[in-house]
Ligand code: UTP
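Just the one chain here, the form predicted on its own, laid out as structure tokens.
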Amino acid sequence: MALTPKITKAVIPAAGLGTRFLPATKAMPKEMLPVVDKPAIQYVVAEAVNAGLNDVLMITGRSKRALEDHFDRVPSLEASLEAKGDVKKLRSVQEATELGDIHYVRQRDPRGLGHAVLCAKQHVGQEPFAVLLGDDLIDSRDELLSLMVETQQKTGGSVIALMEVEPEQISAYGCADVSTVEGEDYVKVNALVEKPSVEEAPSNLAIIGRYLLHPRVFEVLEHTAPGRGGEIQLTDALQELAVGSDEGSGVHAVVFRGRRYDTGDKLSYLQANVTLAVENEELGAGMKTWLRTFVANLED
């Protein structure tokens, strides 16, 4: 069997309008909203780089210039911090610019996640690659991407990340029908359904925002018709790969049981900030003290 190419490229779709966070996102990309002391997108880029995926392509849209600026150097700011001897802040500023090799492509029309991934075709070429959605933050202490890379290297097809959710919540996600693979920690995906009703869902295993994709997905996306919401759905393309028999077909999954922070809606975003602030080395002790007092004085 031919060796599977090493995975070094990550695609991060970041063209969404962020309407759920208006008016905060009227002039600021939703990906730049801070989670404690860093923008959400920086956590995602760092996750990719830490898994060895140091060639990062962001799929952006209009009014997303702040993303490029954040990962670029600002020599005047760095010089000012250095002159003040503020080494800690200097390193925090430089951290974003030193993460990896970051490229940008604009998605001109908002035609869905599948179309955003298709925009990466020229950059990715004929290599397997990762897709990371910025709404899902995976705790850096929990393994996910590295396990997905290992699974893709073993299976040669595409790999998705799944997570168990409450059955009544499955309609908010893509859902997978799976079967076990003897002797392995991963599972085989038999079918995928985008946001099924509770009654029609084949399981409570939800697709979360991490994918390891075989380049054949581009060929499938090119003829994938618009699906739910009139958009080109990545789930529909993966469904075709899951049931296909051509080279590059086949979809497997890693079931993630670690810590995931959903920043895709206001409540979950606030919960992510509180959770990570409590665990922050600098802020944690003070945050815990305040929280205990705050909760003790809450009224129903």
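Residue indices: 1-based, along the sequence shown. Small disclaimer: the values here were computed from a predicted structure and weren't measured.
Same protein, other form: the form predicted together with uridine 5'-triphosphate (UTP), not shown, and the subject of what follows.
Visitor: Residue-level question: is Q107 within 4.5 Å of uridine 5'-triphosphate (UTP) in the predicted complex, judged on heavy atoms?
Guide: Because a heavy atom of Q107 falls inside 4.5 Å of uridine 5'-triphosphate (UTP) in the predicted complex, the answer is yes.
Visitor: Is A15 a contact residue for uridine 5'-triphosphate (UTP) in the predicted complex, using a 4.5 Å heavy atom cut-off?
Guide: Contact with uridine 5'-triphosphate (UTP), yes.
Visitor: Given that the partner is absent here, does A130 sit within 4.5 Å of uridine 5'-triphosphate (UTP) in the predicted complex, heavy atoms only?
Guide: No, A130 is distant from the partner.
Visitor: Tell me, yes or no, whether G227 is in contact with uridine 5'-triphosphate (UTP) in the predicted complex, where a contact means a heavy atom of each within 4.5 Å.
Guide: No.
Visitor: Given that the partner is absent here, state which listed stretch (137 to 145, 79 to 87, 109 to 117, 183 to 191) has heavy atoms within 4.5 Å of uridine 5'-triphosphate (UTP) in the predicted complex.
Guide: Answer to the contact question: 109 to 117.
Visitor: Given a 4.5 Å distance limit between heavy atoms, list every residue of 72 to 97 close to uridine 5'-triphosphate (UTP) in the predicted complex, or none if there are none.
Guide: Result: empty, none.
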